[in-house]
Every structure is written in C-alpha cells, then in structure tokens.
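Just the one chain here, laid out as structure tokens, in the form predicted on its own.
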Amino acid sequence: MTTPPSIPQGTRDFGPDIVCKRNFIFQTIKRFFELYAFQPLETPALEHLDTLMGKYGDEGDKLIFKILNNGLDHPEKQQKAREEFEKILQGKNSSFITERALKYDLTIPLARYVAMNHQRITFPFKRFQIQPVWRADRPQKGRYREFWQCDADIVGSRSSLHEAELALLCHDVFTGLGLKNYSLRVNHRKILAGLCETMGCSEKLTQITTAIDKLEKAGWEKVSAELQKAGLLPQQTDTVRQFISITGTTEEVIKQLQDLMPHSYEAAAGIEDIKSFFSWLKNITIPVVLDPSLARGLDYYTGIIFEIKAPPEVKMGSLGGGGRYDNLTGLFGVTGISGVGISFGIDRIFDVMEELSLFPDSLNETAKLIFFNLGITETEVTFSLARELRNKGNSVDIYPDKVKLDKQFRYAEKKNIQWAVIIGEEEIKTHTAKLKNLKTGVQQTLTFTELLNFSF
C-alpha cells in the first residue's frame, strides 16, 4: 500500500517563496541583534526532560513534547513498560519511559548552558539565538506545534539599562520590518506580587497570574472563574478586576497602583524598577505602555516583563515577549546570575507581514537575469558567460532546453526575473548579446565585455 503524503498537524512545509520571506525576517532581526552586540548561540533540539519540567508552570509543563526512550519493545522491558505507562496516564512522569523532550523555548536551554559554562563565560553575556521550538499546543491561527523563536538575552547584570536596550532593540526590529504600528506592553512581576500581598494571598501568585494571563484571550468571565477556583473571595476578585482595569499615562498608572497597594513592599520595589526603566527612555519616542493586566504566566520571570502587540488592524495575539529572571540558573545549582531577555515570534510576525503586504517585491526574484536557450552552440557561450557573471556576484539562471521563446519568456515571468539575455548565431559572430528588461520591455545590444560589467 502507498502512504498518502501528509505532515503532522501544527507543522508546515515552506516553499521557496515562503523561505525567502522568512529569511528576510531572520536577516533583519539578526542584523539588529549584532548591532546591539549580541553573540550567536545554538543549543540542541533535545533536552533532558528534568531540564524542562517544572520551569514553565503547570500549563506549560503539559505542552512539553516528551520523547519515548529507545528499546521499550525489548521483551525483557515490555512488562515494566506497561507498568510505567500507567504512571504516565495518571499524569506522572517515568524516566523508564521518557528521559528526553523537545525544547519548549530558548530561555531554559540558555540557563542550562550558562550553568554548565559559567566559569568560561565573560559576563555580562549577550547572546542571540534563532532556532525552532516545539509545543504540544492546539494548532490555530498564529499558533503552531513547531515554530521558530528569535531570542536576545543579557545574562550576568541587574542594570535596568538592559531592559531599556531591549525596548529599543524591539523598536528597531519592528521598524526595520515595516511594522511601525506595533505596541510594547510592560509590567513588573513584583507589582503582581504586590497585588497578591495586598489581598493577603501571596502563596497564590502563580494561580492568580496564570488566570490574569488569560484575560485577553478568554475575557474577564474566564479569569473570574479561574480566580474563584483558586479560592479567592469575591472582595479579592474585585480587587483583581480593579487592578487589571487601570489605564492611563505611565504617571497616571503608577499613581493608581500606589493608591491601590499603598503598603506593599513588593509593589513599591516593582514601581521603582518601572520608573528607572522609563527614565532611560524619557527622551526617546517609542510605543511603550505600562499595562497592569500583563501577567505572562511563565514562573521564571521575577522583574520587568514585556509583550509585543501586533498592529490593531490585524487580528493576532502577541508577536513576542520576555522579561527579567533573577533565579533561572539557580534551578541548575548556579546562583547569583540574573538575566533579562526578549523573544520574537517569527511565525506570527510572518503572518502579520503577509496580511499587511509588507514584504519587498524583490524577495520573489529567483535570479537577476536568465540566458535564453537558442541551441547547443549558443548555450556553450552562455554557459561560460553565466559563470563569469556569477563570479561577479550576480544571480544567473540558464534555460535548459531549446524551446519556443514564448515559453522561455513565460518561465522568466513566473520566476520574477527582471533581465533576459538572448544570444543567437548572429550575436556569437559579433560577440554581442541582446539584453531585455522584462519589467519595462526595453531592449539593448551590448558587447560581451559590456554585459559582464553591466549593473543588474
């Protein structure tokens, strides 16, 4: 039997036209990473399961793709495997069944790398990473099971200058991509902790932030239900609603937060960090908004948190995010190393740019010029000329068969090639070539030397 061709749900093939557009995004982001002095890093697709589990909260842990150990079908292991699978079905983990997983994001692998290499790293360590990650999520628009992240992190410094630099980096990246109508929302985990402190339920910080994180996607009713499920009293739930409803200028939001949580040490510390962050940006105009409803449910954030919002004319969620994490390497036994980072969601950025038609037309070009085929003798000449043009940095195609010129013109049009070179028997005798601009229809005759030196 033949197998119908298919790919797993939540994954995609990328044809040449899509890859060119994605590479445009990668190259733009990479260029700005390098301008801000970040260095490249790559980590394996696989991590030990223990490296990932417990780092993303209960919600995140459920989305980790676990990989079965080899050899479970061995006769001597089958009974043990059946017993251990029962643990898996009960929501537990079994190292006998699975010890490895596909990485969920790029931040925890970074923390693991720093913990393993901290004695050799020069701090502050500024690294960028552009690699795929995997999540066992329900596929939908803008959400995939395999997708790429572009991360920039600074590890080994607590200076609020770095948060401001990341905000500027974000602005440069999105301006460079043509996404000028984005917004960058910021908040602070200590302000969220201050909310819990004020309500007398600090032990429920994770549950409360996880609930608030669902506000934009699911609405207040879902958040309220989650808070009640966490055991909050009606008065406490009302306080949360008041908190996440705060809006205004940065100064107005800070004033309302101080009025709502006047005796919270955590909130006061978070507000001071926020003030310091905005002081770095006081003379720079970028779309940064202080938003108390921003929670980001990942447990490892400890300071300022970011979320990048798509332009309002596009129905799309977050295009990226990040924040400060003070204790991440401590999870691997190396304490005292703080970090802050931001991550760009390539797949969602691509979808937004496609919807807004922001990709340059030149990305569709497969070659700058094409030599048409008028026969074996003629192609021997064009073959040699094409090599010389390629050595000069030109992208050149040669039509492989002698067919009607109409068909060769159609091929060039479909490939979005701007220039066509026609060399026939008469042109060989005079060492000339007909060069036609397929965009304008203008044709000229050049010597071979002029052709080789032409600016395409």
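Residues carry their position along the shown sequence, with the first being 1. Owing to the predicted nature of the structure, the values given are computational and were not obtained by experimental measurement. The term rigid core refers to the most C-alpha atoms you can superpose between the two forms while keeping them within 1.5 Å.
This next part talks about the form predicted together with a further copy of the same chain, which is not shown.
- Put simply, residue 197 is far from a further copy of the same chain in the predicted bound form: not one heavy atom of it is within 4.5 Å.
- Contact annotation for residue 82: at least one heavy atom lies within 4.5 Å of a further copy of the same chain in the predicted bound form.
- a further copy of the same chain is not shown here, but in the predicted bound form it comes within 4.5 Å of a heavy atom of residue 399.
- Residue contact check for residue 419: none of its heavy atoms lie within 4.5 Å of a further copy of the same chain in the predicted bound form.
- Heavy atoms within 4.5 Å of a further copy of the same chain in the predicted bound form belong, among the stretches 184-192, 352-360, 327-335, 233-241, to residues of 327-335.
- Residues of 12-29 placing a heavy atom within 4.5 Å of a further copy of the same chain in the predicted bound form, in sequence order: 12, 13, 14, 15, 16, 19, 20, 23, 27.
- For residue 48, a C-alpha deviation of 2 angstroms or more is recorded between the shown form and the other one after rigid-core alignment.
- A movement of the C-alpha atom of residue 34 falling short of 2 angstroms is seen between the shown form and the other one when the two forms are aligned on their rigid core.
- In the core-superposed comparison between the shown form and the other one, residue 216 has its Cα shifted by less than 2 Å.
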